[in-house]
Structures are given as structure tokens and as C-alpha cells.
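Just the one chain here, laid out as C-alpha cells, in the form predicted alone.
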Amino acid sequence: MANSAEGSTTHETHHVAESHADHDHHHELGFWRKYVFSTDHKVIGIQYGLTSLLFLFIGFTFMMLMRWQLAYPGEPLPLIGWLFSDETMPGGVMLPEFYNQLGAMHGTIMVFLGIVPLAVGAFGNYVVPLQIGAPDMAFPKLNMASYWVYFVGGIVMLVSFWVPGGAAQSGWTSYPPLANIVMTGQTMWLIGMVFLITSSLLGAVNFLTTIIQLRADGLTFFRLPFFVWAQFVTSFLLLLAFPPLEAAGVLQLMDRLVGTSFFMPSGLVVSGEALDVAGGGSPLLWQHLFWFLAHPEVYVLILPAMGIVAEVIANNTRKPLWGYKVMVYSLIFLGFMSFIVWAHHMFITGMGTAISGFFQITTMIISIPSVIILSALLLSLWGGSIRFTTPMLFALAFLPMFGIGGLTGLPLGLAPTDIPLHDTMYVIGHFHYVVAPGTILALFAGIYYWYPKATGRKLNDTLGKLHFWGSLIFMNGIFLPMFIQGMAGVSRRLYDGGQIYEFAEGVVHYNEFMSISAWLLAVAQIPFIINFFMSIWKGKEVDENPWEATTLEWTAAPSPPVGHGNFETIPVAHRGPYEYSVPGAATDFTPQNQP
């Protein structure tokens, strides 16, 4: 009875949404309502996608400026050095304060304004409703609000470079007491974060409601594509982990603006003068609130990436995912465990051995579901008739790159090895292997895979493969030497790359190699940028299902989907998401909506 009630509710909701779509069709929307303040999940997904790619480009530019300083400390920046003011780069030479601003804003922009909005805001918004057979998101106006709140947060972050004293320079972690006493830019960073967190919370509520309530008839939870499961668990992480940081952001704002001392300890002396604050605050309280979000945040980055890779691998091996149910259970367990590992970022704070032991154990446990998912994706390749398409190349590269990221994280999860490695370049290498050669390669796989869905045209394969090989090679050129530097003890905070320290003598020369790799990585993105924009008009036109896929977004909706309803007839799911190469079937793929 419960199932039939659920089915009828879903059906009813579809009819309501369909009537709204008809209503929109009869009253043609103007340009602003259709493309700017749109409530259509597809338009909002594209808005998120283009905006987040722009922010990724900006964050990447900041990194390239930092890499010049690390490779050639104290030397004027050639060609464009004159663009910067004397407050940041007098005579084209970077000041330490400006280096710190670039470091803080690079991390913030890449994570909160680039990767998360692309993985969840863009792919989630565009693909999830289509994959579950929904006419739109459950709350279209909330969806529009989530994009615009994100956009405002991003603008506030960028504008902070032009306020007195420049942008935030306390790192992307904003640790007090430093973050409480530096210039105005830190206040704008906190305001921007409050906007970004609010955007994520609005999106998370919307995704959870949509996936639970608007699934097509017959689409039970274990018939959902793995990508939808990944977005579902990610939404829970956003909903439960972000509020503590939003509260902490408001408290830190009060410390800065109203004179409270939630995070300000007693007896601080700054520039030879005792600070006049009430005192009694705890900098460690901020670390707990920050990392309670920021460890689940790592999985907010990686779970959608795993979802994308699963879709691409299943499609290009022409066989079902190996261990689909085990992968789903691992995903759920991963989400749950991500909330009880946060203090492994804090071993160096002097916690007791008992609590330290607890967080070491949970950190080792959380590696198990990641290994299960990665192993299942690798086993899915066995016996497959693999098509080496451009999205498949990016998806395949994700597997070893994420593997390196995961393996190098194990020493950081154990206090005896973490304490000497803490805050060294080793940590930067580990985190970036998870996020750059890992997540970003998966996001590129998603762009190449779903681009025909959004535009009706395919991206050029030759340019795509050029982009892939350049990205893979030069990403490793940047991040692999970081492990060597980190194990030699080079701190991640040194604005000259450790040149003045004797212990770094044998490894400091890697800075130039890593910087050249970073600039070549920028060159490797040129084929992608040309391909992305040229293919909108010149790309090869494709039919509705160019990849011969089985999931509803390819088999039930036209490419690109028209109007606000997505589907000409409401789809019904008759089977699981990956029925490839079924014995006795007429073709090597059996769509979910085929009776």
C-alpha cells in the first residue's frame, strides 16, 4: 500500500508540474525570466556551470601568480607585473602579504566557488531531474535563489581585493586569532562565506526533496543511477555539516565587528601591545567548527566525481557496474563516517592519546568504503568492450589519481606520522591529488559526456584528447614533487618556497619544475576553451542518445530538452540503470523506460 501511495503521489506531482509547464508554454517568458532569473533547472544548471568554470579560471590564475613567486622569489613578474599596484607588487615584485592573499583566496575560490558549484550546482541541477524522470526540481524558485545567493557570495569575495589592506590573508581555513585581527578583507571573506553556505543549504534541501518525491513511477531507490545516489548523499553532507560553519562565521564576524571574544583568548600581545578584548575565547573552538564542515566537504567534492565516473565507465564498458548495491551502501557509510573524523586535522593541537586514538581509528575505517568504490569501478572494466572516448579517458585517469590521493592521506590520518608532516608541502600534494587530478578530471569527464545533452552537439574528440593528455601529464608535474618537498620538511606557508633554509637545499629546485608544469597546464586548457565555445555552433550534431546509454536523461528526453517540463510523455522505469549487453536483447543497451 505504501508503495502505491508513493507512486500516486509522484504521479500527481508530475501532473501538477506538467500543467505548470503547459502554462509557461502558453505565456512565453521574456529574456530576463527565461535566461537570467530562470526557475528552469536546466538553465540554472548552465548558469552554475559557466559561473563556476569562470571562478575555477580565476582561482587557477591566482595559483600561477603564486608559482612565479615560488620559482623565482624576489624577481619582477614579466609582461604583466605592471598591472599590479605598489601595495601588492611594487615594481612587479610580490609582497609576502599579497602572496598570503592569493593563497587564501585560491583555496577558497577553487573549493567553495569552483568545484562544489560545478559538481553539485551544475551537474546536480542539470542531470538529476532528468535522470529521475522529474519535470523540474521540487522548489524551482528556491533553486533560482540558491544560484543568485552563490553569485553574490562570489562577487563579495572578489571585491575584497580592492578594500583597504586587500583580501583575506589567513588561509582558506581563516584560523583565529590571526583572522580576528587582520584587515577588512577578512570581514568580506566571512560575509561571502555566509552567502555561499546559505546557497548550499538551499540547494541541499531542494535535492533531497526532489530525489525523494519526484522520482518517475517504477524508479525505486535501487533503480537510481549511481550519480543520483552520489548527489543524494552529498546533499545530506551539505545539510548537516554546513550549519556549524555558518554559525562559526557569524561568531567570528561578531568578534571582528562587535568586540566579542568567542575565538579570542586572553592576554594576546600584537605588535608589542596587549589587545583590549574581553578574552576567554578559544581558537580551538573555531578549528572544531571549521573542520566539522571541512572534512565532509572533501566528500562533497569527491562523491559527485565518483558518480560521474560510474556513469561514464558503465556506458563505455557496455556492461553493468560491478557491485552496484555494495557501491551504494559504501556511499552511505562514507557519508556517515565523514562526520566523525574531523579532528585528524588537529593532532598537532595537543589532544589526549585516547581521543587521538579514536580519530585515528575512524580515519582508517573511512578509507574502506572509498577503496570498495574504487575497486568496484576497476572491476567494472574487467571483460568490458571498452570504448576509449574522451569522457572515458578522463574517467579512467580519475581512478589512479584518486588512488594516489587516498594512499598519501593514510600517513596524515595517524598522529605519529601526521605531526612531522603537518602543514608541509606533503599535505598540499595529498589534498590536490584528491581534488585536482582526481575530482577535476572527473568533472571534465562529465562535461564531455553530458555536453551533447545540453547542446545537441558533441565536443571535438581530437581537441578533447589533446586537452586530456596535457592536463594529466602537467597536473602530475605540479603535485608529485610536493611529496618529496614535504617529506624534507618544507612548510606550505613559505612565500619563497623554503630557499633560505638549509634543510630545503636539496628539494627547493623542484619549485621551478612545478611552476613550469603549472603554466603548461594553463596552455593545455586552451584546446578545451576553444572546443567548449566553438562546439556550441560548430560541433557535430547528434541524435537524442549519442552514447547509446540506458538512463532516462538519454532515452526519455530530447537533446537538448525543450521547455520547462523536460519530457513529452512522463517516463516510467521498468528496470535498473545499467542494463548493457543483456543476453538475448536486440541491442547492447536496454533503456530504463523500455517496457
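Since the model is a prediction, treat every value here as computed from it, not as a measurement. Residue numbers here begin at 1 and follow the sequence given.
The next section is about a form of this same protein that is not shown, the form predicted in complex with a small molecule.
By the criterion of a heavy atom within 4.5 Å, D255 is excluded from the residues contacting the small molecule in the predicted complex. Within 4.5 Å of any heavy atom of the small molecule in the predicted complex lies no heavy atom of K319. Taking non-hydrogen atoms only, D423 approaches the small molecule to within 4.5 angstroms in the predicted complex. Although the partner is absent here, V298 sits close enough that one of its heavy atoms falls within 4.5 Å of the small molecule in the predicted complex. The partner is absent here; in the predicted complex, the one residue of V194, V149, L293, V427 having a heavy atom within 4.5 Å of the small molecule is V427. Between the small molecule and the residues A216, M144, V277, V434, the one pair within 4.5 Å by heavy atoms in the predicted complex involves V434. Contact with the small molecule, judged by heavy atoms within 4.5 Å in the predicted complex, is confined among 406-414, 246-254, 199-207, 478-486 to 406-414.
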